[in-house]
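Quick setup: one chain, the form predicted alone, written in structure tokens, and binding and motion questions come after.
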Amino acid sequence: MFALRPALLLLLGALLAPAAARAESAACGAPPELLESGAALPVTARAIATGRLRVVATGSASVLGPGTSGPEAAWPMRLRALLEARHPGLRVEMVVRGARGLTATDTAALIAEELAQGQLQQGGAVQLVLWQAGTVEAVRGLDLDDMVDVLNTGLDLLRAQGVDAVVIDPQFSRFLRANANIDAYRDMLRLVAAAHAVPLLRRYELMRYWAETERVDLERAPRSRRVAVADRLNDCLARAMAELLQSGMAEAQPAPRP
């Protein structure tokens, strides 16, 4: 074996560093297995191919980016910017419907409103719904079966109307973990997503990973840094969702013939 010369080592380092940086920036260093869709998003893929995508992001307060520097820093709006940057010429219309304390029942009604409005507007049909659920239910200890029934009905409606969906599970919080049976709600959301063959953004695991690896930890951020950390968290969530959508669109591509 021969020893690599220092100059060659420096060259290799220069070549490998950008690749490492790209891997880190894909979703703030999240493990790749947390970014896999596990289900196809054919409607989204077709919409992006035509250059126009209408998305509804709904949930409780987190879809509004509380504590960030402004509305454009919230993860749905960051996602819009990321998708448009990734697909030149694409126009993404991002409709955000959420508020503090909304349950799955509340957000299902908002989704139905957006679907109805889209049918009345020329070219206004929704192609993708990003549906966050479970946090409010866990905090209040609401009935699991009620949440599941609402999600089943809503996801059936979306499929019947030709709309892709991604389910988003609760956010990670040490306080929530200590004071609510959060795992029961996470498990049910995973089962519902699998039953309907829709992707699940594992937000809880993503946020826990970022916190435990000290990449992004909003709960323990000093007061002077909380806005910056909230912006970073929303950007990381947007990047994770962008990667999951890319995975889902790849799943929708026909398999190559042997």
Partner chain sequence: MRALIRGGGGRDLRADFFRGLALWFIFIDHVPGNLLGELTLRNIALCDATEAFVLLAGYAAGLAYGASLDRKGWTFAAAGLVRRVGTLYVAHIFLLVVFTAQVGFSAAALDSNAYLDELHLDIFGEQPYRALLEALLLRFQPAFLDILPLYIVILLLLVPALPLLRRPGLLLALSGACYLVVRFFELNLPSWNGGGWFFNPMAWQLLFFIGCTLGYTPRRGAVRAAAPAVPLNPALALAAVLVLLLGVAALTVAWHRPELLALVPERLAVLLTTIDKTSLHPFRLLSILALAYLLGHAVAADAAWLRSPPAAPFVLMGQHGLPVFCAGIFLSFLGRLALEVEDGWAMQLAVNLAGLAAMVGIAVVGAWYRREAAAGPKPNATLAAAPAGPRAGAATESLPVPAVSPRTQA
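Positions refer to the first chain, counted from 1. In this text, all values refer to a predicted model and were calculated from it rather than measured experimentally.
Although not depicted, the form predicted together with its partner chain is the subject of the following passage.
Open item on the list: Please identify the residue among 52, 196, 215, 46 with any heavy atom within 4.5 Å of its partner chain in the predicted complex.
Closed with: The residue from 52, 196, 215, 46 that makes the contact is 196.
Task: Listed residue (188, 81, 95, 115) with a non-hydrogen atom within 4.5 angstroms of its partner chain in the predicted complex - done: Contact with its partner chain in the predicted complex is made by 188 alone.
Task: Contact test in the predicted complex: residue 220 vs its partner chain, heavy atoms, 4.5 Å - done: It does: once its partner chain is placed as it appears in the predicted complex, residue 220 has a heavy atom within 4.5 Å of it.
TODO: Examine residue 90 and determine whether its closest non-hydrogen atom to its partner chain in the predicted complex is within 4.5 angstroms.
DONE: No - in the predicted complex, heavy atoms of residue 90 and its partner chain never come within 4.5 Å of each other.
Open item on the list: Test of understanding: in the predicted complex, would residue 100 fall inside 4.5 Å of its partner chain by heavy atoms?
Closed with: The answer is yes: residue 100 has a heavy atom within 4.5 Å of its partner chain.
Open item on the list: My question is simply whether residue 107 lines the interface with its partner chain in the predicted complex - judged by any non-hydrogen atom within 4.5 Å.
Closed with: Although its partner chain is absent here, residue 107 would stay clear of it in the predicted complex, with no heavy atoms inside 4.5 Å.
Open item on the list: Based on heavy atom distances of 4.5 Å or less, which listed stretch (107-115, 82-90, 152-160, 69-77) is in contact with its partner chain in the predicted complex?
Closed with: Checking each option against the 4.5 Å cut-off leaves 152-160.
Task: in the predicted complex: members of 74-97 within 4.5 Å of its partner chain, any heavy atom - done: Sequence-ordered list is empty.
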